[in-house]
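Shown here is one chain on its own, the form predicted on its own, set out as structure tokens.
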Amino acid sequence: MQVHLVPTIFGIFIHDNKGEIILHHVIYPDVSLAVTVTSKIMEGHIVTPLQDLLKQAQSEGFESVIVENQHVARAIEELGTVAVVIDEQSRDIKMFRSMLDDILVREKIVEDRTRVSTFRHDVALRIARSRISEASKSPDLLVKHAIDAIGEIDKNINILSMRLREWFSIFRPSLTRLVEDHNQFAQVIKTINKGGTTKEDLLKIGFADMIAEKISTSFETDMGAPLTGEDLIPLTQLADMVNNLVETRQRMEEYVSRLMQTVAPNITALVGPLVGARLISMAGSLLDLSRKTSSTIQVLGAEKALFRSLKTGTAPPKHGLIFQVPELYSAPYWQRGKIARALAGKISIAAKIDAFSGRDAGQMLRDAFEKRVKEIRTQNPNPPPPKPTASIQGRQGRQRSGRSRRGKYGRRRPSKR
């Protein structure tokens, strides 16, 4: 005899084709137990109430049970007590679920329909809270926020540094040309505020000997407005902000590196922690990144260029965010497309391993990628021949159109005008 098994938040029920309950294990009114049992059964885990009920069904001589969920069927198959049949569109189960409120009251499992609604609301609320709590603990969510914070810190550093450079160029215009690093530029201003303008003071900041000499000389020969102590106070405060942001960024980088070693060690070994974290952030999560094709990963971050190419017919982008990988940006332009395809394929494999397997294959993927890069460099040492220019194409087009105007015996056809 075939029976139907229906797990609900009120309990687990086995009923016949007429919707009559044959066996049941009631969970009501324990809300915590209902949340635990429902969640585990829906995820395909075996719980004690389900195990006890199936033993009863086996002792009653039922041949098989019909269920509507693959995860529940998998859990019953693992127990091996009775045979299981999956019917996702079972009319008997749908009918039983639609009449469940009346059945619970009629069988005196629940006192009345108001308590049915209240219990269902409480269980649904508890399940929603637990799911949100689990999602908030996701470590790749922390990676996404941390790497986005680094991007915003970079924007602030650039904005404040540009303002600082333009402001200070009124007094020392050549310093902007001599010092390119924003952090060092801010440190020079702070050193000037402390009265240090000699070469030895600049060497302490970390400048090379020749650069320190040039900067020190420029303080004496530079043409600009006279720099007073009153002018230096706001400039030093702005320089402090730039230095603090740089230090915050460095600490944030260390935090992301530690997180990435835990969340995605294979991606980290392949492309580094920051590029890997940006890929996860752009995809949405590690799971989303693992589901993307390698061709999508290759142009991730180059969406504007891709859609412009689709709209105007220009050449599509060969790479997006992965251009920050040294093997790619240091390669000649004619090799970048092939290297980008090879790298995107390896990232796709690494993301799938990090998301579903967790085994350590990062170094193997890195070695395979470096081997492929060497092959590409060996096979394509020279740039391709230049494509025909527009003028040559136009001349060829006119020649072809001229031949087409000639008739069958080589005579030129008369013009329509």
Partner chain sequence: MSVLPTSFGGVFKIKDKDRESLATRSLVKNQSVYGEKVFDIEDYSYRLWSTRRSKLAAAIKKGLHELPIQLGSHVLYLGAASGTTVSHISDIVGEEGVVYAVEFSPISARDLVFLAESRSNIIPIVDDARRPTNYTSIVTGSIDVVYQDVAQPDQARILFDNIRTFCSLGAWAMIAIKARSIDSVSETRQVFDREVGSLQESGLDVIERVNLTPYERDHEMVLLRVTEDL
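Under this definition, the rigid core comprises the largest set of C-alpha atoms superposing within 1.5 Å between the forms. Remember, it's a predicted structure, so these values are computed and weren't measured experimentally. Numbering follows the first chain given and starts at 1.
Not pictured, yet referred to below: the form predicted in complex with its partner chain.
Student: Pick from Ile349, Ile46, Met42, Val373: which residue has any heavy atom within 4.5 angstroms of its partner chain in the model of the complex?
Tutor: Among Ile349, Ile46, Met42, Val373, a heavy atom within 4.5 Å of its partner chain in the model of the complex occurs only for Met42.
Student: Consider the chain as shown here, without its partner, and state which of Lys108, Lys304, His145, His121 has a heavy atom within 4.5 Å of its partner chain in the model of the complex.
Tutor: Checking each option against its partner chain in the model of the complex, the one that comes within 4.5 Å is His121.
Student: Can you tell me which of 66-74, 360-368, 47-55, 377-385 lies within 4.5 Å of its partner chain in the model of the complex, counting heavy atoms only?
Tutor: Heavy atoms within 4.5 Å of its partner chain in the model of the complex occur in 66-74.
Student: Any chance all of Ile9, Arg97 and Arg113 sit within 4.5 Å of its partner chain in the model of the complex, going by non-hydrogen atoms?
Tutor: The answer is yes: all three residues contact the partner (heavy atom, 4.5 Å cut-off).
Student: Taking any heavy atom pair closer than or equal to 4.5 Å as contact, tell me whether Gln89 reaches its partner chain in the model of the complex.
Tutor: Yes, contact at 4.5 Å.
Student: Although its partner chain is absent from this view, report whether Ala128 comes within 4.5 Å of it in the model of the complex, heavy atoms only.
Tutor: Yes, Ala128 sits close enough to its partner chain in the model of the complex that at least one of its heavy atoms falls within 4.5 Å.
Student: Please determine whether Asp181 contacts its partner chain in the model of the complex, using a 4.5 Å cut-off between heavy atoms.
Tutor: No - in the model of the complex, heavy atoms of Asp181 and its partner chain never come within 4.5 Å of each other.
Student: Look up in the model of the complex whether Asp101 has a non-hydrogen atom within 4.5 angstroms of its partner chain, and give yes or no.
Tutor: Result yes; Asp101 sits at the interface with its partner chain in the model of the complex.
Student: Could you check, with the core superposed, whether the Cα atom of Thr378 shifts 2 Å or more between this form and the one not shown?
Tutor: No, the C-alpha moves less than 2 Å.
Student: Honestly, after the rigid core fit, is Ala315 moving at least 2 Å at Cα between this form and the one not shown?
Tutor: Shift of 2 Å or more: no.
Student: Superpose on the rigid core, then tell me if the C-alpha of Ala124 is displaced by 2 angstroms or more between this form and the one not shown.
Tutor: The answer is yes; the displacement is at least 2 Å.
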